[in-house]
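Next up is one chain by itself, shown in C-alpha cells, the form predicted on its own.
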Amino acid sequence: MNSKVSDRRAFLKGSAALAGLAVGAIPFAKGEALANVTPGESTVKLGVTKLGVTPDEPTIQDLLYGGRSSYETSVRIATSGALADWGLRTLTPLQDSIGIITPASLHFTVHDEFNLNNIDPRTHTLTIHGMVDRPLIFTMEELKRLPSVSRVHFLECTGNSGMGHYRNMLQDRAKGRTDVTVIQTVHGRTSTSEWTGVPLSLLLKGVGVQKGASWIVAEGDDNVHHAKSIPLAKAMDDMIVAYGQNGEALRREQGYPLRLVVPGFQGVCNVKFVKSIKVVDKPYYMQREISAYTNLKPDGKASWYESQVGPKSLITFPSDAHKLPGRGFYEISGIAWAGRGAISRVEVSTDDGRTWKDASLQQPVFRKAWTRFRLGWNWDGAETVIMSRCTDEYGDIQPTYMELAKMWGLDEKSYDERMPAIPATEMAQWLTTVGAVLNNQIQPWRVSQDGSVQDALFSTLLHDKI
C-alpha cells in the first residue's frame, strides 16, 4: 500500500489524542507543514491560448463577473410543501456553509410573488413622513451621499425551524423529491451578510420626530405592498436602510435597490424594496400582524409583535446531509446567533446531552450575527446523538424543545406522556400553531454506526403522527 495513503488514513482514524488538537497544533518540521501530498504544478490555463479558447476554461468575458468552479454544486433549494405555492422561496444550504458570511447567491429568499421586481434605482425614492417636522423624499443618489455603515447581521424567517416544515418535507419525500434534508429544509431560512447603508436613526433625526411618536410603519414597493409596524425605539437604535450586501448592490431577491435591515428581529420586519417610512403613535395592527406572525397559546390567546430572535445554534457538520466515512477524528462545526446581542458560549454534547464541552468560537464575534463554533471529536464508531446549545452575552440559554413549549404555555406534563392521547388531527394543528414561530430549540442529530446522520428531534416527537 502507498505509504502516504496509509499515513493519511492513520491520521484521520487517529487516537483519542487527535480530539485535543487545537488551532496551530498541526506538526511542522523546519518551519514547513508536514503534508501527505506534494503540490504539483497547476495545469489550469486561463482564457485564450495561442491555439484558441481552451475548452471548459473561462474566457476573460466570463470573469468580468466571476463564477465558481464547476466542481462546486451547493445551491439553494425550493421550499417544501404548500409554501411552494406562495411565491419564490428558497433555502440556504447550511450543510455546506463555511465561516459566517452567506454568499448573496445562497442567501435564503422569501418572496410572496412569482415574479421579482426590477426597480430602476434612478427613479426609486424613499419617503419619510407622518409625525415628523420635515417630511422628506430621498433619491438613491442622495442616500448614497450620506454617512454609511457596514455591519454583519443575520436574517431569519419567523417560521424557521418549525415542525410544520418537517411535515412538509416528509410529504415531499413521499412524492419522490430527493433534495430535501432537515438541515436545509427545516432550518435553511437563515443567513448572515454584511449589510451596507444609512442608519435609519440618521434619517429620522434629520426629519425631526415629533413628541408622542412611538412606532414606524415601513412599506415596500412590491406588488403585495408588504408593510410592517416596528417600534420607534428599534428604528433609533440599529436599523439600517441598506443598499449593499457583501460588498455589492443588493440582489433583486433581497430587495434591490433598497431594503430595511432590522438586526435581531424576525425576518418579516426587514421590509424589502422599501419606499415609505411613516412615523406614527401606535402599531397599525395590519392583517399580517394579527392573523399571522403570532404565537397562538393553548388558552386560545395569541401574542402579537413577538419580534426578537432568541439564542439559537445548529450543528451544520455533521448533519443529515452528510455521512461519515468511518470512525476517527472529525471537527464538529456549526453556527450560533442571538437577536439580543452576541454569542458568548457554545457547548457541544456528543453523548446525547449527558456531558457538554465548550466549543471554540471563531473570532471576531459580531452582535446579532452568526458565530461559527468548532469542536474536535474522535468518533469511536458507536451510535450516538450530538447537539449544541448556546448562551448569549446576557446569559440567555438556548432551550430544549420542551422548555420552549412551556415558555409558550404548553401543559407542564411531558410531551412523551401526552403523545399517546393526542389524535393525529389535533397534533397536526398543534404543530402549525403553538410555538410555530421564533423556534430556537436545540437540534439533536443521531449518528448511526454506518456513519449516516438523521434528525433526532422531530422524528422522535412526531412518531407516526404525520
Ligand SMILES: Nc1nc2c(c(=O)[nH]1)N[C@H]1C(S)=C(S)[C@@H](COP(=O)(O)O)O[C@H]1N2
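Model, not experiment: these values are computed from the prediction. Counting begins at 1, following the sequence as shown.
There is another form of the same protein, the form predicted together with the ligand; it is not shown, and what comes next is about it.
The ligand in the model of the complex is not approached by residue 359, whose heavy atoms all lie more than 4.5 angstroms from it. Taking the partner from the other structure, the ligand in the model of the complex has no heavy atom within 4.5 Å of any heavy atom of residue 168.
Interface membership of residue 237, defined by any non-hydrogen atom within 4.5 Å of the ligand in the model of the complex, is ruled out. Within this chain, residue 352 is remote from the site of the ligand in the model of the complex, having no heavy atom within 4.5 Å. Contact with the ligand in the model of the complex, defined as a heavy atom within 4.5 Å, holds for exactly one of 230, 131, 110, 369, namely 110. When you look in the model of the complex, the only residue of 216, 315, 91, 271 with a non-hydrogen atom within 4.5 Å of the ligand is 271. Residues with any non-hydrogen atom within 4.5 angstroms of the ligand in the model of the complex fall in just one of 324 to 332, 218 to 226, 374 to 382, 133 to 141: 218 to 226. Contact residues in stretch 235 to 257 (any heavy atom within 4.5 Å of the ligand, taken in the model of the complex) are 253, 254.
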